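This document opens with one chain alone, in structure tokens, the form predicted on its own.
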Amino acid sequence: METINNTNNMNKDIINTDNTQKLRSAKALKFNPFDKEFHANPYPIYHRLRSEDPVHRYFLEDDWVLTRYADVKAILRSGRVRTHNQPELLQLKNQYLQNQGKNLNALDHASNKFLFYMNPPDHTRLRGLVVKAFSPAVVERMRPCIQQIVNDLLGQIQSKGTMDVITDLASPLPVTVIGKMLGIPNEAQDQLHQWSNVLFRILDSLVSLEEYEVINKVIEDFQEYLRNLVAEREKDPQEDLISTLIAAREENERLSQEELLATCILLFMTGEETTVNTIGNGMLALLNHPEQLKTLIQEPTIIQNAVEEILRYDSPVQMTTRIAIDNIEIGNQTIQAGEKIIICLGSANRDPAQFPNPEQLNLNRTENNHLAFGDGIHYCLGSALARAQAQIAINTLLQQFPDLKLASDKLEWRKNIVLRGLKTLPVTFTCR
């Protein structure tokens, strides 16, 4: 009996030591999206979270962080969550500034009409009115136009021998495309590009009151410009998206002017960032994987599959948030109603339980059901357009300049925790 008891005690000691080590590991493991190392490369932390603490308590705000593919997909498709209450937070900031004789009125009102902050039934109605304009069939008809824009942009740098993939191609492309879709005159597109570069900061969680005031002024200016354009289209409709949105009807409902303006602003704000980051992240991944780069140059017909793998490998949108509307059991944890859930899309897309060898860029990967554009009712409205632009831009760039090389190994990522994208991507090539 004594031997058995001693053995049991030894086993208990081993178990207790094991548990202590796990607890220490869990305490040491903190999800901190503001950490410089995480910002430069979030994937090692994602790996640890998935392995050690997949339903993680965020120490800064007492939120929950989900990193496994199955959990992320389940929450995105769940009817037991709602979108993050950013408009409510903006309203509080607006009230604070109003007490100081300032305001965020334009941003406050517009954010309530942004699709990614809306919940059913309002979200269902508005998305139903807009979604047809971004169908795969509509996007397919735009491919010749997108190809011409890419050709024009690359034509401006082909004799230089060097370019910045972000500044010279990835950034101007979506602004020009969306501008043409909406019917924005060419001479106004530079201004809209500048506004878009300010507006994307709305998607970040660390924005000062001073920045919000700048964003508010941009929205005021953007709305004034769009109101004038809408008035012109109401008198003289054209074959453009603004004319289509003006006439959009579904079960005798139509877009209000406030909804129309917010939708147009949203298209610039989200459409640019998703496309820019997909092209930039994708080109960096290819340049860092020369065998895959060579494969795509030799087999340009695999571009659709290649872009899906790029989206999975280094997702342009890394995170999104939801609020639990009732208690949710997940991963042996209970998320209480009202608590915020940070959903790590970038981590889900590197989950080995879903993707074999997830750290490997494999342009011929099959069954690539990534979540780069989300899932469920808030699946990215412009996903087909972003895919088409990335496919055309990357393929054309590699076919015209097959000897592209990185010009610097010191790359800087943009300061945003929701989105992941480079500030610049300098490359060299042989002049044509």
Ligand code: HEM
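Everything quoted here is computed from the prediction, not taken from an experiment. One-based numbering along the sequence shown.
The form predicted together with the ligand exists for this protein as well; it is not shown, and the discussion that follows is about that form.
If contact means any heavy atom within 4.5 Å, which of 157-165, 108-116, 351-359, 232-240 contacts the ligand in the predicted complex?
-> Flagged stretch: 108-116.
The ligand isn't shown here, but in the predicted complex which of Cys380, Ile45, Leu398, Val65 has a heavy atom within 4.5 Å of it?
-> None of the other options qualify; the answer is Cys380.
Quick one: of Asn305, Asn94, Thr320, Ser171, which gets a non-hydrogen atom within 4.5 angstroms of the ligand in the predicted complex?
-> The option sitting close enough to the partner is Thr320.
Would Gly374 count as a contact of the ligand in the predicted complex, using a 4.5 angstroms cut-off between non-hydrogen atoms?
-> It does: once the ligand is placed as it appears in the predicted complex, Gly374 has a heavy atom within 4.5 Å of it.
Any chance Thr278 has a heavy atom within 4.5 Å of the ligand in the predicted complex?
-> Yes - in the predicted complex, heavy atoms of Thr278 and the ligand come within 4.5 Å of each other.
Just to confirm, Arg80 within 4.5 Å of the ligand in the predicted complex by heavy atoms?
-> Contact with the ligand, no.
Give a yes or no for Leu385: in the predicted complex, does one of its heavy atoms lie within 4.5 Å of a heavy atom belonging to the ligand?
-> Leu385: contacts the ligand in the predicted complex.
Though the partner is not shown here, which residues of 100-139 have a heavy atom within 4.5 Å of the ligand in the predicted complex?
-> Contacts from 100-139: Leu115, Phe116, His123, Arg127, Phe134.
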